[in-house]
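This document starts with one chain, in the form predicted on its own, laid out as structure tokens.
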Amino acid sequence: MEIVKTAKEVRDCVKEWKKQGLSIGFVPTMGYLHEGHGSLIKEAGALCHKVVVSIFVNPMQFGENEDFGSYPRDLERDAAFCREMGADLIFAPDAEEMYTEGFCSYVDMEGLTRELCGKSRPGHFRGVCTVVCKLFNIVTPDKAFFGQKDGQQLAVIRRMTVDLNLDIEIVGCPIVREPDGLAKSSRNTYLSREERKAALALSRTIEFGRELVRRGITDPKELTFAMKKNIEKEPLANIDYVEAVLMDTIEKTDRIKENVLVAMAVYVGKTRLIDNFIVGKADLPGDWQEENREC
């Protein structure tokens, strides 16, 4: 496994692989990798001949008073993890490599970025779309792998890929959780012992919400109200949002149905955590499925 710092090095390596007829899987990350990232790397290795992992803490997607400066970084640790997971190449550029002097070109999106994290983090998805588009152009992968934990980001990247005619398949992968249910996140390292315990309110509420859907709750307001009340039982939790939206468009929905994303962002202490579930057929009551069989 190699670690390279420049776009030219990545391109040279990928061009050589493609000459050999090899397919390229790509996992973009901000580093401080965990088992969630590992699942993406393994899936990329299962579906592609070669796997490229990018490690870049993107300053453009952090707003004022967010944690860009304190975001955890440890390239040596991440390299060992990538090697263990089966990656073939790490692209770890400096900010100057990604954003050269005079940089003034951006990829922006309307609609899908209006709700959820887009509402509370203005400019965030402009930074995400710009850096991911740049990385796609540098790596030129056949498939790119993203986790479902960032459900809105997954929908945004899929839409950007379609809108810009990028010849890349976007593969969404399931959320990976700790044994006690907390969704894996690099930001979990910020939590104190007391906050770590309090953070379980998120995963418990996700399961609570899914169970309400299974019992037949179809009103998004009723569902999200109950979920908020459940989170509010935890004194250290401060809700940013709990919303139900259509997965493909991130538009609000008037009914809980298949492919609805039920997502939350919650501050535990000063740490902002996200979690979600996507409603599937198995979550819907049998009579609802029967009623909508011909739809």
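In case it trips you up, residue 1 is the first one in the sequence shown, and so on. These numbers come from a predicted model, not from an experiment.
There is another form of the same protein, the form predicted together with ligand AMP; it is not shown, and what comes next is about it.
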* Structure fact -> Note: exactly one of Lys184, Arg196, Arg114, Lys143 sits with a heavy atom within 4.5 Å of ligand AMP in the predicted bound form, namely Lys184
* **Position in contact with ligand AMP when the complex is considered in the predicted bound form, options Ile231, Leu47, Met30, Leu236, heavy atoms within 4.5 Å** => Met30
* Asked: Is the gap between Ile175 and ligand AMP in the predicted bound form 4.5 Å or less for some heavy atom pair?
  -> yes
* Classify Gly127 as contacting or not contacting ligand AMP in the predicted bound form by the rule of any non-hydrogen atom within 4.5 angstroms, answering yes or no. => no
* Is Tyr71 close enough to ligand AMP in the predicted bound form to count, meaning some heavy atom within 4.5 Å? -> yes
* Asked: in the predicted bound form, does Asp150 have a heavy atom within 4.5 Å of ligand AMP?
  -> yes
* Asked: Out of 223 to 231, 242 to 250, 22 to 30, 256 to 264, where are the residues with a heavy atom within 4.5 Å of ligand AMP in the predicted bound form?
  -> 22 to 30
